[in-house]
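This document opens with one chain alone, in structure tokens, the form predicted alone.
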Amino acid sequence: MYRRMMAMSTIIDVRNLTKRYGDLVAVDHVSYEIHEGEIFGLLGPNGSGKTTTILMLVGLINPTEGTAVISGYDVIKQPLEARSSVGLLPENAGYYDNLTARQNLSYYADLARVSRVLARKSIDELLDLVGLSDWKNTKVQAFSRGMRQRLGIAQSLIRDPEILILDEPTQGIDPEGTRDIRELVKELSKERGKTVVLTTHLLHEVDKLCDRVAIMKQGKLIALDTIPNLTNQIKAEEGADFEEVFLRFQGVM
């Protein structure tokens, strides 16, 4: 798998990305490359800098130092072009509860300046992709957490971006819903060619999904590789699950 990824072109190039808030260094000179078409896990405990990194990648906050190039666009010098290549599912995505699934996507398509002709076609296709066709005319106030997350994935795809950034896409979802979203993410990457960057606290999901993972701690990047290679680095016993590997890198075990 790793040899296959090395042959892919780099679609996100992060160089010395840093964010300071006064004396607090939220992200500390982080550098890595993400390859086209891979599922890349950005992991770490609360306060490790994951969300701040994501906000810089999508242009919602500016780095203090360093930069990132996304699909060939510098996030500082060409923020609009870089942002147009990315679909984002934030951790707490908001919707209009009094609108239907279809109306929510239509509203977002207008905000994203997607032509109405294209939007009419793509919205139905996206709702089918995420398994919400039967609820497309149902008001979102009736949706479960899992259904809302699937709607959020559809929303992130409305401009057909090359890259998806999913922040805790399975948080608060039951095991069946988690499995459904996991399979959807796999399909988006392996069958539709999307590059997926995701954060998650469900570490047992990581080795089922991610081609590579980056582990952060207190704003620093402390590990980056495939899960088998990370397991070998810490000389974990054969068959050790990824939770043990992660905790060992964090210095907990």
Partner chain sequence: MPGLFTIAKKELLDIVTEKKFLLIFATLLIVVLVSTFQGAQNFMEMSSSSSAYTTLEFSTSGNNSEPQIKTLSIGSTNLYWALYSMVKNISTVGGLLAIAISFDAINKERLSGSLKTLLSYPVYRDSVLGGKYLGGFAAITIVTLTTFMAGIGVFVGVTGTPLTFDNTARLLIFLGMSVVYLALFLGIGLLLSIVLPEPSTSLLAAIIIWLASTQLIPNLGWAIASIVYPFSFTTSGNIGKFGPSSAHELLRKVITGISPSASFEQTVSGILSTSKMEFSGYTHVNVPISLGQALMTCLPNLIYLVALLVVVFAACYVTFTRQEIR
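Please read these numbers as outputs of a predicted model, since none were measured by experiment. Residue numbers count along the first chain shown, from 1.
Beyond what is shown, the protein has a form predicted in complex with its partner chain; the following relates to that form.
For the three marked residues, Gly177, Phe246 and Gln250, no heavy atom of any sits within 4.5 Å of its partner chain in the model of the complex. A heavy atom within 4.5 Å of its partner chain in the model of the complex is found for exactly one of Leu88, Leu132, Ile173, Ile123: Leu88. Distance criterion of 4.5 Å from any heavy atom to its partner chain in the model of the complex singles out Ile61 from the list Leu203, Ile61, Leu184, Ile227. The stretch from 193-201, 61-69, 31-39, 218-226 that comes within 4.5 Å of its partner chain in the model of the complex, counting heavy atoms only, is 61-69.
In the model of the complex, no heavy atom of Ser144 sits within 4.5 Å of its partner chain. When its partner chain is considered in the model of the complex, Arg83 lines it closely, a heavy atom lying within 4.5 Å. Contact annotation for Tyr107: at least one heavy atom lies within 4.5 Å of its partner chain in the model of the complex. Contact annotation: Val117 falls outside 4.5 Å of its partner chain in the model of the complex, judged by heavy atom distances. For the partner-free chain shown, nothing in 187-206 comes within 4.5 angstroms of its partner chain in the model of the complex, judged by any non-hydrogen atom.
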